[in-house]
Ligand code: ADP
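Next comes just one chain, in structure tokens: the form predicted alone.
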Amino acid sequence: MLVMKFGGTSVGDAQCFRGVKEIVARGVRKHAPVVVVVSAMSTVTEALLESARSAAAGNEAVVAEKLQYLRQKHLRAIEELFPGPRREQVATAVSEILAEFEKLCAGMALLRELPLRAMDAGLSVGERMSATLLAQHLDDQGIPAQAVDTATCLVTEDNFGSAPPLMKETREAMRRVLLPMTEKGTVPVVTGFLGATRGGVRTTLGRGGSDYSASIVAAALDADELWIWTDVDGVLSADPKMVGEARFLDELTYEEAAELSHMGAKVLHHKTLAPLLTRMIPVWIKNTFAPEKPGTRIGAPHAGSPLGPKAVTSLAPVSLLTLRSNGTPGTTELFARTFEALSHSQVEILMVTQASYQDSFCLLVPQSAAEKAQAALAQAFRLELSHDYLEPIEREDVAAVALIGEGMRGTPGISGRLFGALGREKVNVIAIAQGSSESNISCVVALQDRAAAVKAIHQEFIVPSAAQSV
């Protein structure tokens, strides 16, 4: 079984839908059965968000403008895709879904509120419309297909806005709903990003939700592979805006892909990899607009898999927070209370380094969460700060740079070469993290040194290996 996921740019307009049809048709011929997971058409989710926010703010003109945009975008695609009698049927189905969103906006305007539960219901509209369009187009072109709303088979908790899936119940529901379709030769076209509580209330999976839902489908159905179709040829060894010699990678391990994602590369959200890892299902990143390109394979390492550095990534701006204790609290208590305070405030910690001779350490957090993190720590240590047991918490906005590749911890000289490359470019290293993962050596540099650091490390490790492979 093959699961294919198509992102928003892959279904951006009628021509894109035709391209997706060709890809699905080839998949059915070569890999049947096929299950498709689809995102909302490009720009649709943003328009839905803006409509909902405008409704809650009482801006009726913007709501009307966005609703008209959404209606026209989908009807234009329908007119181009369905020249025959099916056109009216598809247009009616899409209009009914959009009418639900219009009612939600009216309720938000009345209450002047933007409840997360209502937002999840509103955002579901984009995927439901694109799944309807694609399923009908496939069916119209001779590929039996049926749209599937994941409210019927992806069961989540009720944490609206970012609902964790209940995997056991989801597996049972997906197999019950989807397998009978594939056994009959029908291609299920499943809505990405969406789920529902046990009671059937709509939810969304949060950041990276569309890819995540695709990996959940693949794991639930014990698929052989997951192909994620996007608008790039695969995963690059660095940001091409910083490194002109960035190259596409043939393969990555799960851990390498997770480390890249964590440190800023637009690969796959780390949540996406978890369901695949438990069942060792490989995932391919492929280009919808150049399907002949091989793409990048992400999976378990195999005999002959190359070890060592593969890619350089960076994350900026991020904030480095430094805590220094005068002995009270001690190191263990300082760590425990810091992590507890940030956990309660739902602040993501990107990196931690500790001093070797005193009770102090620094941690890296997203810049967007820095103020919240400082406030949480100030509250947690208010007594110690007031009595000067703890020095004032320092904050510095910086950039994180990471070298990614399996097996680096067991290879002598990697760290020396990395810091030598930075030294030659006169890039000062503010903090370092290495050892907890054999696939990641991270360092913190000044914001203005970010591009120079990425380029220097890439030139040291990736360019020579590319030349050798040629």
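Only the largest set of C-alpha atoms that superpose within 1.5 Å between the two forms is called the rigid core. Keep in mind it's a predicted model, so treat the numbers as computed, not measured. So that there is no doubt, residue numbering starts at 1 and follows the sequence shown.
A second form of this protein, the form predicted together with the ligand, is not displayed here; the remarks below concern that form.
For the chain shown alone, residue 267 is a contact residue for the ligand in the model of the complex, at least one non-hydrogen atom being within 4.5 angstroms. Among residues of the shown chain, residue 231 is one whose heavy atoms approach the ligand to within 4.5 Å in the model of the complex. Contact annotation: residue 235 falls within 4.5 Å of the ligand in the model of the complex, judged by heavy atom distances. When the ligand is considered in the model of the complex, residue 459 lies well away from it, no heavy atom lying within 4.5 Å. Only one of 164-172, 239-247, 386-394, 319-327 lies within 4.5 Å of the ligand in the model of the complex by heavy atoms, and it is 239-247. Interface residues of 275-311, taken as those with a heavy atom within 4.5 Å of the ligand in the model of the complex (partner not displayed), are absent. Annotation for residue 241: C-alpha shift of 2 angstroms or more between the shown form and the other one, rigid core superposed.
For residue 21, a C-alpha deviation below 2 angstroms is recorded between the shown form and the other one after rigid-core alignment. The two forms, fitted on the rigid core, differ between the shown form and the other one by 2 Å or more at the CA of residue 402.
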